[in-house]
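Only one chain is given next, in structure tokens, and it is the form predicted on its own.
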């Protein structure tokens, strides 16, 4: 499936700021989508949009931090860059703790913003790749029966067929059959690859 191009979502109640950011980012080759209010942005929010969001900190209705929380609650994982005309240290700390990529004070250097956006897009691409890998691993693992999952886990822990059989109260011959099915269903070629699969599954 072809992935949609990355978009920089701009949310600021100051129209002149929106226009200026749009010009700057389009000149740098980015696709942009401006929103004059957090509500307007949330109404069009989809959970699977590649890119990042540049949010003003102080806006009527929801402020930037509240908007960041609302995005999370809607399953939107877009990396966030905050911009603010006020040197609000507590707000910047909260923003960074909540996972913001950067917190820029107006007027900020254009290159500083472009650098933060590059960092945010890399973060988004990496996170999306991680989520895709996790979903693929979970899908492969989901085809195992409950017993096969038990065998998979124990084999990945390094237990022999005999040890697995003793632990599960069955015969070694039965475990050999389950083990072969696990390897076939997961599409791995060896126990070593099975161990790596389970390790990646646990980290996903």
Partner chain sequence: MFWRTVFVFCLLSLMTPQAVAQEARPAGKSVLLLVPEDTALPAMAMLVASLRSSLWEAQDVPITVDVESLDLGWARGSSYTQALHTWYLAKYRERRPDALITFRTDAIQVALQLRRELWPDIPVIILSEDERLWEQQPRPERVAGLWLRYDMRATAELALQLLPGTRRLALINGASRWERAQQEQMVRELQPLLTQRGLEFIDLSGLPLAELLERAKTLPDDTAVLTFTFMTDPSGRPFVGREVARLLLAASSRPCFALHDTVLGGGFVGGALVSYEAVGQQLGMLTARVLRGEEGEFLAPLKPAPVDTLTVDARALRRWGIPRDRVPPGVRLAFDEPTLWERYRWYVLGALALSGLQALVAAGLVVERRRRMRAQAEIIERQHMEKLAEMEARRTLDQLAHVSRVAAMGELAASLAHELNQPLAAILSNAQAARRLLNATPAELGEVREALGDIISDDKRAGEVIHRMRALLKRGEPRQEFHSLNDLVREVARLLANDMQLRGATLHLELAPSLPAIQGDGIQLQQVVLNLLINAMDAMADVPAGQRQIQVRTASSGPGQVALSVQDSGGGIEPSRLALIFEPFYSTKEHGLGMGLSISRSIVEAHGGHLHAESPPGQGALLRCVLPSAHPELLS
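What you see is a predicted model, and the numbers here were worked out from it, not measured in a lab. Numbering follows the first chain given and starts at 1.
Unshown form predicted in complex with the partner chain; subsequent notes refer to it.
Between 150 to 158, 163 to 171, 26 to 34, 136 to 144, the stretch whose residues reach within 4.5 angstroms of the partner chain in the predicted complex through a non-hydrogen atom is 26 to 34.
For the chain shown alone, residue 16 is a contact residue for the partner chain in the predicted complex, at least one non-hydrogen atom being within 4.5 angstroms. Remark: residue 128 does not count among the residues lining the partner chain in the predicted complex, judged by a heavy atom distance of 4.5 Å or less. With a 4.5 Å cutoff on heavy atoms, residue 99 does not count as touching the partner chain in the predicted complex; it lies far away. Although the partner is absent here, residue 90 sits far enough away that none of its heavy atoms falls within 4.5 Å of the partner chain in the predicted complex.
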